[in-house]
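Coming up is one lone chain in structure tokens, specifically the form predicted on its own.
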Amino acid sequence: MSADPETPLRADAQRNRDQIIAAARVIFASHGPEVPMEEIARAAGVGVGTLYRRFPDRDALIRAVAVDNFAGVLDNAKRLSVEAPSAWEALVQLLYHGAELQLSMQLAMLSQRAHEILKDDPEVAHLREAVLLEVDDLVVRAQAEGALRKDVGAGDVAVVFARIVRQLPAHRLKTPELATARSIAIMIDGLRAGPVTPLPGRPLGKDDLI
């Protein structure tokens, strides 16, 4: 049986849980959530039995990673909103903070299995909405600053970023981190205010995402 998530864990059990989630986050982001559980256990430095004591099945692990990851993205977005010198700079830094945001996009938008697991989960839905609200606020403020083009919305930012992180498998690139960073830089230049090619239709907002 797995431990009740509301019951405080012993220090060693909590450490194992944290190691498993950290390993799963890295593997899910680069290879998706279908990676064998044995590989996740090996990356976490724990036995398969330990993994299954903490997370009885893949669905439970995907949910735990999603909650942990969305919470981290939300904390970072709120911090940047306050500490960054402008909303535009906060948005840029959030996009460059690629590891957590990439995994959020993998789980929320790119993986059909993860989407099916998470779509009706109230905690994940609350965190996802909170992240999108923060992005929406940064988009509106950055447009008011004159730094972000006026014809995009938070949904556009999320969709374009999701398409960027749907990258080639790591083994097909000599420097996958560099490739992603360069793609994000190209995306950011496309978001800047200035002479731009008009976009078709209307801006996509957070409510356009399902």
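All residue numbers are counted from 1 along the displayed sequence. On a predicted model such as this, the values are computed, not experimentally measured, just so you know.
What comes next is about the form predicted in complex with the DNA, which is not displayed.
Asker: Just to be sure I understand the contacts: of A43, A162, I184, M37, which is the one whose heavy atoms reach within 4.5 angstroms of the DNA in the model of the complex?
Answerer: Flagged contact: M37.
Asker: So which of D57, D151, E177, E145 gets a non-hydrogen atom within 4.5 Å of the DNA in the model of the complex?
Answerer: Going through each option in turn, the one that passes is D57.
Asker: Hey, of 153-161, 47-55, 24-32, 63-71, which bit sits against the DNA in the model of the complex at 4.5 Å between non-hydrogen atoms?
Answerer: Single hit among the candidates: 47-55.
Asker: Check A13 for me: does it contact the DNA in the model of the complex (non-hydrogen atoms, 4.5 angstroms)?
Answerer: Yes, contact at 4.5 Å.
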